[in-house]
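Consider the single chain below, provided in structure tokens and representing the form predicted on its own.
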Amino acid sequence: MKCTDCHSPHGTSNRATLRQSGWETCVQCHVEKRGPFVFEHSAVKVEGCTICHTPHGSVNRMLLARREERFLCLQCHVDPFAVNVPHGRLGFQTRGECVRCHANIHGSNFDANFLH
């Protein structure tokens, strides 16, 4: 893999001179994450893959931006009363990883909550 697989050396109108906009660059190789999915994780489409992943390398598993996966999820899913946090304050899991149940985090054709 080389820089020009994702970046254009002559510049583009995209952020970081990416060959394509946001997540489109990543799914050129990671086609299984492309979709379309009936239920899409909007963060991927809006913010792009870098909302969770560090594309230039990380000591973390799967190039995640945070070492503990649940803290990565809690960056956005923080308010226990918000629509995007279905676990109420008293039932919210404070231990374990979110992907234990929400395994299809990039999108799902079967479940709106990205469950198995």
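Just so we're on the same page, rigid core means the largest C-alpha set that superposes within 1.5 Å between forms. Quick note: we count residues from 1 along the sequence shown, nothing fancier. Note that the structure is a prediction, hence the values are computed from the model and not measured.
There is another form of the same protein, the form predicted together with a small molecule; it is not shown, and what comes next is about it.
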Contact of M62 with the small molecule in the predicted bound form (heavy atom, 4.5 Å)
yes
Indicate whether the small molecule has at least one heavy atom within 4.5 Å of a heavy atom of H30 in the predicted bound form.
yes
Given that the partner is absent here, does T25 sit within 4.5 Å of the small molecule in the predicted bound form, heavy atoms only?
yes
is_contact(S58, the small molecule) in the predicted bound form, heavy atom dist at most 4.5 Å:
no
After core superposition, I'd like to know whether N109 moves between the shown form and the other one (criterion: C-alpha shift of 2 angstroms or more).
no
